[in-house]
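As a starting point, one isolated chain is supplied in structure tokens, in the form predicted alone.
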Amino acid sequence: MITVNLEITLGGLRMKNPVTVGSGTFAYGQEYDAYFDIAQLGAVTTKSLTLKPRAGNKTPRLVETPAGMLNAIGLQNVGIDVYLRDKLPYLREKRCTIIANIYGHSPDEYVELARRIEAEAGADAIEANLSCPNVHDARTARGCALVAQDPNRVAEYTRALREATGLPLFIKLSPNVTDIAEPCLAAQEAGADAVSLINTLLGMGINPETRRPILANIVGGLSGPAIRPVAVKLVWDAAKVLRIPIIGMGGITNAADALQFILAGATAVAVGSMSFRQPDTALSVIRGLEDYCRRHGVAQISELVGAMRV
């Protein structure tokens, strides 16, 4: 029987397998450890961390859709101090590989977060969230203009982070753009080690009986199986122009879904909202990838990256 090697290197980060979890869907890891040993993941990706704790948006801020969900959580999190003091020790005790997702309102805030994380060994890699679609900004009643929608700002933020930290740096980008290649290339040229594709699609719902928005934030992010074909296509688009690796995500429910991203060009994948429905989905994806490789005579999972036949 063939021996399968699932190990990968993602922009300098060594992972025992190519499966992590989507930021915001897995809290800080400990919450899911009751369902499976989270140390089996290639990496645990944290909720977005900010300099100060955030309460998030007003409720209602989560609603199911026919093939996924809309959320406008608003980056509720404990803040960097509490994470380092209370959450990090558990992950280190479990010997998890950690990707810390961070969010700020300016390059300086991202830089401060990155420097603290590196100085206090708070993660093994950093994922900069430049693409949250449901955080209100004082400049506009319709919500924030995403950094990820402007390649020049992507480059500015990435460059500042690159200068601030030697940790592997991943930039999480938005599908809500005309051409995904532009922000991807901007991140690459400014020093990113990988890009994460995709964050949620913008969406909204209206209650016909009340004629009011279903979400208090009006607009939210659509995730789940409904967005998977879009996400796979954008990973494929990005892979055609990038030299750096991609973390693919968006509606992954099983190993077959994950393989679509890998074959399209992703080096790693992240399981997101499916963890709410089936908490050990990421573990089943890992097992499914190993089974697929064994059945198809693939000794090394990296052989499948970008191996779609056309």
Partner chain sequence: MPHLIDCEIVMHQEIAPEHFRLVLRGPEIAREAKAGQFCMLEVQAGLYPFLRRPMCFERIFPDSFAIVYRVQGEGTRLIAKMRVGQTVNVQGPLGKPFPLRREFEHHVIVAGGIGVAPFPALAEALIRECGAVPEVIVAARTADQLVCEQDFRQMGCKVHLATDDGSAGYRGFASDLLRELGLQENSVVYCCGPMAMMKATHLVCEAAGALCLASLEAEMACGDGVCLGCVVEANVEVEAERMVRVCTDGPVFDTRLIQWESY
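Positions refer to the first chain, counted from 1. The model shown is predicted, which means the values in this text are computed figures rather than measured ones.
Below, we turn to the form predicted in complex with its partner chain, even though it does not appear here.
Here the marked residues E7, G11 and V269 all miss its partner chain in the model of the complex; none has a heavy atom within 4.5 angstroms. Interface membership of K52, defined by any non-hydrogen atom within 4.5 Å of its partner chain in the model of the complex, is ruled out.
Under a 4.5 angstroms non-hydrogen atom cutoff, its partner chain in the model of the complex lacks T46 among its neighbouring residues.
Contact check for A164: no non-hydrogen atom falls within 4.5 Å of its partner chain in the model of the complex. Using a 4.5 angstroms threshold between heavy atoms, D37 stays clear of its partner chain in the model of the complex.
Screening I244, L283, L259, M69 for any heavy atom within 4.5 Å of its partner chain in the model of the complex leaves a single hit, M69. Looking at 198-206, 74-82, 185-193, 112-120, the stretch with residues near its partner chain in the model of the complex, meaning non-hydrogen atoms within 4.5 angstroms, turns out to be 74-82. Although its partner chain is not shown here, in the model of the complex the stretch 257-278 places heavy atoms of S273, M274, F276, R277, Q278 within 4.5 Å of it, in sequence order.
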